[in-house]
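This document starts with one chain, in the form predicted alone, laid out as structure tokens.
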């Protein structure tokens, strides 16, 4: 094992779980990784890979504190017989340099694909995002899974995610014996700290004059439910994951209860970029198209084939944005 890697040992009862095939979970220390782990480790063995520390991990988790780009990760995949891999280890921090983020995301996922193929792991699940479709004035009201992924031309921060999605699609056809699943959830809310959280966290929430797009949110608990359903044997393909309903952005702002101010969209990008450079927000101006145009998904396929249905109501989902601020 490479220098600097650490392992959290797990407890077993008479070695009963030692030979059990595991689920390998990358990005286990993130918010969604912890929520998924909380459920999966009650049902079977989970192996977590994440370079961050996990001091409050369940005692039966085998946690490898590793950079997924390291060769030591191959030893983990070789040592741990796995029935599935769930890839959540995607770096989203907009303040990390584009080169560092690209290397981590694309090179890291490429290594994961290599190991899944080499070890003949029967299932791979990638958590992508509906944002890969892009927010555009000519979007359909609800986008299907076969819609083109056009976000990379407008929003550089999710170019990596588009590339990961395309890599997974190529892997789907190149390694047909592996059940590859790509989930594209709409904007995730809850206690996840993402771009939408950062937007509503602004001291004054800007409303773009002349624009009030319909918005679609999905609660983090419903995303975890979809991940679990994607792990079922026989499931493969691309699935949009929508929320319990839609609302105009103006109504979402009102329900969240944040102070708002109308801003001409021609000025908003520069204002947001200035606030971003000063460290007042993690919502950069280059994300502004998602406040102008619709980017909502049709999730009928997931409902039909996965049995997916949001368990959180629209009120609960929107309220979780406000609750994330401790208000």
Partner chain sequence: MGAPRRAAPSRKPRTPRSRLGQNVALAPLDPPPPAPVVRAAPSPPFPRRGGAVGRVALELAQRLRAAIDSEFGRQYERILTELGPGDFDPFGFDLGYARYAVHFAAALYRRWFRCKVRGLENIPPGRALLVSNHSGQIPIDGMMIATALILDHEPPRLVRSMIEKWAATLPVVSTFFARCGQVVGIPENCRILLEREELILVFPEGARGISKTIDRAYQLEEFGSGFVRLALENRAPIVPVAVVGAEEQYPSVLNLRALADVIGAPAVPVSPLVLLGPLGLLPLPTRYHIAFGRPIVLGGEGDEDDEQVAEHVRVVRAAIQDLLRRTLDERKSIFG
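As the structure is a computational prediction, the values presented were derived from the model and not from experiment. Numbering follows the first chain given and starts at 1.
The form predicted in complex with its partner chain is left out here; the points below concern that form.
Contact with its partner chain in the predicted bound form, defined as a heavy atom within 4.5 Å, is made by all three of 212, 246 and 251. Checking 198, 139, 169, 103 for any heavy atom within 4.5 Å of its partner chain in the predicted bound form turns up a single hit: 139. With the partner omitted here, the residue from 296, 66, 37, 302 that has a non-hydrogen atom within 4.5 angstroms of its partner chain in the predicted bound form is 296. Heavy atoms within 4.5 Å of its partner chain in the predicted bound form map, among the stretches 104-112, 80-88, 226-234, 202-210, onto 202-210 alone. With a 4.5 Å cutoff on heavy atoms, residue 292 counts as touching its partner chain in the predicted bound form. Though the partner is left out of this view, residue 92 does not reach within 4.5 Å of its partner chain in the predicted bound form, counting heavy atoms only.
Interface residue remark: residue 255 is counted as part of the site for its partner chain in the predicted bound form, having a heavy atom within 4.5 Å.
Proximity of residue 265 to its partner chain in the predicted bound form falls within the 4.5 Å heavy atom cutoff.
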